[in-house]
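Consider the single chain below, provided in structure tokens and representing the form predicted alone.
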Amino acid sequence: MDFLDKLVPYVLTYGPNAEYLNFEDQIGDFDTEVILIEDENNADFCRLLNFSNQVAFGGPDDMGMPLWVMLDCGILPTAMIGFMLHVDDCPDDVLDLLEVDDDYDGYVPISEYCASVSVEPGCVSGFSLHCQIPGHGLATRTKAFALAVLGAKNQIGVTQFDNPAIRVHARFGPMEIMLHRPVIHTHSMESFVYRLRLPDHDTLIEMARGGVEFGVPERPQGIKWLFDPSDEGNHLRLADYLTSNRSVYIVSPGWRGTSDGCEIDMIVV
């Protein structure tokens, strides 16, 4: 695909944050563009990015990120990081999906990852990952790039059992399930909290470049389990493991679709 050679890495943040971020590594053919919210010329890009997030996560009535959350929780304390294409290089179906105006002459965000810094040093809380051009490994590359920019050593996050993005997260290493069905989540019964011990910086950069697919290929030693999220008995078993202080990991490939749902690769230690 020609557009892969035209990807431009970007870091959208607040000016004073820039000195704490590492965006000096060469990811592709273009240097990383640092986009600052103080510059009003970047307003259209920010609105496009927010709309892209809304499209990916079901809009404001579901888990689409409100504009104020994007600013308060995503940009001011950290950064929104991903890849973009100039509008002239962007596939027509993406331009249509994001409702890009015909007279727009800037960059179009095609992927994004955002993680907030945690009170635990070196740990980030990932809460947004999406890509509008699937099938080319860009979601993995985006997450790896962002984690490298943030200097993350560990990552926590929440996702849903039916989310194919589990395949992306599991490429970074075994996903330890920390909390089953967190009660305060919008989709509590379908969700879980996980934790990742991340690859080192150099490996993350290679993943961001597309040269390495897996960050921590080693699996824990334990009982293999093909988890069916549609089976309440499986959920009861998972809850029992966790309350019994057993460790449960999702391992790559992590997630696969079935005729009536999905299955998840797990190991119980």
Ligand SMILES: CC(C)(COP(=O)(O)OP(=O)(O)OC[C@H]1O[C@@H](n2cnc3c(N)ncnc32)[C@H](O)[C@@H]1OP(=O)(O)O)[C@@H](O)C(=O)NCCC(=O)NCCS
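So that there is no doubt, residue numbering starts at 1 and follows the sequence shown. Given the structure is predicted, the values throughout are model-derived calculations rather than measurements.
The form predicted in complex with this ligand is left out here; the points below concern that form.
Colleague: Are any of the heavy atoms in F30 no more than 4.5 Å from a heavy atom of this ligand in the model of the complex?
Modeller: Answer no; every heavy atom of F30 is more than 4.5 Å from this ligand in the model of the complex.
Colleague: Going by a heavy atom distance of 4.5 Å, is P134 a contact of this ligand in the model of the complex?
Modeller: Result yes; P134 sits at the interface with this ligand in the model of the complex.
Colleague: How about C46: is it within 4.5 Å of this ligand in the model of the complex, going by heavy atoms?
Modeller: No, no contact at 4.5 Å.
Colleague: Closest heavy atom of F23 to this ligand in the model of the complex, within 4.5 Å or not?
Modeller: Judged by the heavy-atom cut-off of 4.5 Å, F23 is well away from this ligand in the model of the complex.
Colleague: Scan G151, P164, G106, P77 and let me know which has any heavy atom within 4.5 Å of this ligand in the model of the complex.
Modeller: After the contact test, the surviving option is P164.
Colleague: Quick one: of L138, I177, I156, V100, which gets a non-hydrogen atom within 4.5 angstroms of this ligand in the model of the complex?
Modeller: That would be L138.
Colleague: Where, among 195 to 203, 138 to 146, 78 to 86, 116 to 124, do residues come within 4.5 Å of this ligand in the model of the complex by heavy atom distance?
Modeller: That would be 138 to 146.
Colleague: Under the 4.5 Å heavy atom criterion, name the residues of 225 to 261 that approach this ligand in the model of the complex, in sequence order.
Modeller: The one in contact is W255.
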